[in-house]
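Just the one chain here, laid out as structure tokens, in the form predicted on its own.
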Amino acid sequence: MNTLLKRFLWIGLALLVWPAWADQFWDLPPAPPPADFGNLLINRQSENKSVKPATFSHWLHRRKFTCRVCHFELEFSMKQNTTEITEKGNQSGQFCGSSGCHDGKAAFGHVAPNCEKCHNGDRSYSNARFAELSRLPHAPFGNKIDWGKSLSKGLITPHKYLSIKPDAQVTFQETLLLESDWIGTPPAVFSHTPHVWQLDCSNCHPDIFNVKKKTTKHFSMVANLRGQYCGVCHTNVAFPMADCARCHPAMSN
């Protein structure tokens, strides 16, 4: 068997088994239970003020609102515990307390009887409601829910804004082919279409990805897994990096 043929056979084998051993190869942390994926504790100042951290469930909210609503319109940072949220701000109609959110009308408000609904220090606080999502299409990783199919089939219809309408002219549809530096690893394919539907351009550019050609330095799989670039979302909220074929579709061939 010649060297070139051997190389192609090894590449083919690698693509077949990659998803199965990706976790071990990268030494990824153990996957949380599906109902815990995307849940986080907001603890920028809570414990310093003798209050339990506030719990937040992404899967509970993403059924009702796109990412843009919180991370653009309400100005929540993409990085956990870096937004200067205060209870005073919430009660005055900012952040979680904005009109259409936890304002006491659309959802429970910031008054004493409701405090423990958020400030309970328990990431799994809302997990009893996870069964409500059982009707949605299945996926192998993360919440075990295919949110993309759920949207395209109209099974969920999240609001795209509260008061600031998205720019109707933003219909950027370019698909990018991201070549890998590793021999045997097929390119990643990035489609702007589903991301533009969920996010505002400013959520990614320029802080996460520099839009100037060839000026995003150090973009690599290692950086992604450390929570940079795509890893800002695709480690703890959007489908995780263990789902290799979602970005590298040739791996599923």
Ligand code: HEC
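Definition used throughout: the rigid core is the maximal C-alpha set that superposes within 1.5 Å between two forms. The structure displayed is predicted, hence computed values, not measured ones. All residue numbers refer to positions in the sequence shown, first residue = 1.
Although not depicted, the form predicted in complex with the named molecule is the subject of the following passage.
A.B. asks: State yes or no: in the predicted complex, is some non-hydrogen atom of Leu176 no more than 4.5 angstroms from a non-hydrogen atom of the named molecule?
C.D. replies: Because a heavy atom of Leu176 falls inside 4.5 Å of the named molecule in the predicted complex, the answer is yes.
A.B. asks: How about Lys160: is it within 4.5 Å of the named molecule in the predicted complex, going by heavy atoms?
C.D. replies: Because no heavy atom of Lys160 falls inside 4.5 Å of the named molecule in the predicted complex, the answer is no.
A.B. asks: Is there any non-hydrogen atom of Gly148 lying within 4.5 Å of the named molecule in the predicted complex?
C.D. replies: Answer yes; at least one heavy atom of Gly148 falls within 4.5 Å of the named molecule in the predicted complex.
A.B. asks: Can any non-hydrogen atom of Ile85 be found within 4.5 angstroms of the named molecule in the predicted complex?
C.D. replies: Yes, Ile85 is a contact residue.
A.B. asks: Would you confirm whether the three residues Cys115, His195 and Val237 all fall within 4.5 Å of the named molecule in the predicted complex, going by non-hydrogen atoms?
C.D. replies: Yes, because Cys115, His195 and Val237 each have a heavy atom that approaches the named molecule to within 4.5 Å in the predicted complex.
A.B. asks: Let me know the one among Ser124, Ser99, Asn81, Ser92 whose heavy atoms come within 4.5 Å of the named molecule in the predicted complex, would you?
C.D. replies: Looking at the other structure, the residue within range turns out to be Asn81.
A.B. asks: Only counting heavy atoms and a 4.5 Å limit, does any residue of 55 to 81 reach the named molecule in the predicted complex, and if so which ones?
C.D. replies: Stretch hits, in order: Phe56, His58, His61, Arg62, Phe65, Thr66, Cys67, Cys70, His71, Phe76, Ser77, Met78, Lys79, Gln80, Asn81.
A.B. asks: Using a rigid core superposition, assess whether Ile183 undergoes a CA shift of 2 Å or more between the shown form and the other one.
C.D. replies: Yes, the C-alpha position differs by at least 2 Å between the shown form and the other one.
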